[in-house]
Ligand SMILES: C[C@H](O)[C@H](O)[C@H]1CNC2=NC(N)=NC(=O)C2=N1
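Only one chain comes next, encoded as structure tokens, the form predicted on its own.
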Amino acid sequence: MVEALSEAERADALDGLPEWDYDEGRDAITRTVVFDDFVQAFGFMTQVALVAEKANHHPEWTNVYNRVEILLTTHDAGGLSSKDIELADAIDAMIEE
């Protein structure tokens, strides 16, 4: 079972994720990504879905036209875990491509 990050681990992880915001109430990280249009947004979500399924760790997200809002937390751990940080890193790499 995956454990939630300690305060020190969380702080270190967040330093490496400047595009993500910390949601203290949910012990989660969030990011909003805006694309040129719906097709690009949906294509991005498809890429993330494949990585998330392979990792067996799935985001909470919404999509409205060209905007994708992502929230990552590990329900089994009761908060932010290394799985969230790994998925956030993978998502950032996709956006930078």
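All of these numbers come straight from a predicted model, not from anything done at the bench. Position 1 is the first residue in the sequence shown; the rest follow in order.
Not pictured, yet referred to below: the form predicted together with this ligand.
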query = Once the site C-alphas are superposed and this ligand is modelled as in the predicted complex, is the result open or blocked, blocked being 3 or more ligand atoms within 2.4 Å of any backbone or C-beta atom of this form?
reply = open
inquiry  = How about Asp76 - does it come within 4.5 Å of this ligand in the predicted complex, if we only consider non-hydrogen atoms?
reply    = yes
query = At the 4.5 Å heavy atom threshold, is His58 in contact with this ligand in the predicted complex?
reply = yes
